[in-house]
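Just one chain is shown here, as structure tokens, and it is the form predicted alone.
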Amino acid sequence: MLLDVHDLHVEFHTRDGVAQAVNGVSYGVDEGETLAVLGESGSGKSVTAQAIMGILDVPPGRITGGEVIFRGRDLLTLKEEQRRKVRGAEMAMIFQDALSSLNPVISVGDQLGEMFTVHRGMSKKDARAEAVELMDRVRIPAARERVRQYPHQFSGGMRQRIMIAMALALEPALIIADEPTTALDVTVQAQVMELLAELQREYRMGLILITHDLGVVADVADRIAVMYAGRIVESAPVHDIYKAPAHPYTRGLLDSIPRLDQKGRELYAIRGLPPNLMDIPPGCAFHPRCPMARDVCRTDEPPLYEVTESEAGRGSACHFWRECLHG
């Protein structure tokens, strides 16, 4: 296993109380595998990724438990200087908003080249040549001329390609892509996802793709982990999820995807709102919004049951997963 996250807990101390952002998350990704992490805003997807990368804002954030085993080392036990050597060189992150992640007053070539001057000790000339090669690799036209341009001179899709190039610069073993297509139109989304999948196959990287859009991951993910209120509520191979979800929340996410064969019908929406992380409901956190909720759901928190009627390694945190699976 390239990355093994086990029982991770993260909380945020605020003026109003303690927000339990991540509550015992466990998942893993192998070399060459793509894990998609799904869920609504506030479910804990990005906070988990920040904890893995070691870029969590501390304070107010605090990791209160768990392990992040990467290539046999628990990253949570490393000193900051050691973590810094892992970031970029061994694992990298692609952020959601490329425009705010790139420095507006430094050319994209210098920003890409910095990876090589800092981590590899290259000269500026050699680093600039590597930057051009990276821009070519992510299919930015006229890379040799555009390497001197600034982020605002690129379109949203091209800026996202620069972020991908920056993440790839040192050929890391793992990339975490946090909502990499959110601000892009549908056509550019498809191009960016296709590029990510192609580069992952070429480099045999592990990829964690964080998104709220089930439609984005159908063709690229191997496995899916669905998060709600800081927990994994379902984990399964991608085709199992689409064929027969074993958790009501996953089913609700799937039903809310617009479909061509439902023209003229009202689009389905999961009722209610995600819970306040400072006041998570007892029992199953999803029960106030769940059409299948019963008394036990309001009092007993379900473990991640092994779904025995499917492939090994599939789990669902629902007391009535069998009914959901066959519903």
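Remember, it's a predicted structure, so these values are computed and weren't measured experimentally. Quick note: we count residues from 1 along the sequence shown, nothing fancier.
Form predicted together with a small molecule: not shown, discussed below.
Novice: Taking 4.5 angstroms as the cut-off for heavy atoms, does Ala21 touch the small molecule in the model of the complex?
Specialist: Ala21 belongs to the contact set for the small molecule.
Novice: Is the gap between Asp57 and the small molecule in the model of the complex 4.5 Å or less for some heavy atom pair?
Specialist: Yes, contact at 4.5 Å.
Novice: Should Thr299 be classed as touching the small molecule in the model of the complex when contacts are defined as heavy atoms within 4.5 Å?
Specialist: Taking the distances in the model of the complex, the answer for Thr299 is no, it never comes within 4.5 Å of the small molecule.
Novice: Give a yes/no on whether Val47 approaches the small molecule to within 4.5 Å in the model of the complex, heavy atoms considered.
Specialist: Because a heavy atom of Val47 falls inside 4.5 Å of the small molecule in the model of the complex, the answer is yes.
Novice: Name the residue from Leu277, Leu35, Ile52, Ile63 that puts a heavy atom within 4.5 Å of the small molecule in the model of the complex.
Specialist: Only one listed residue qualifies here, and that residue is Leu277.
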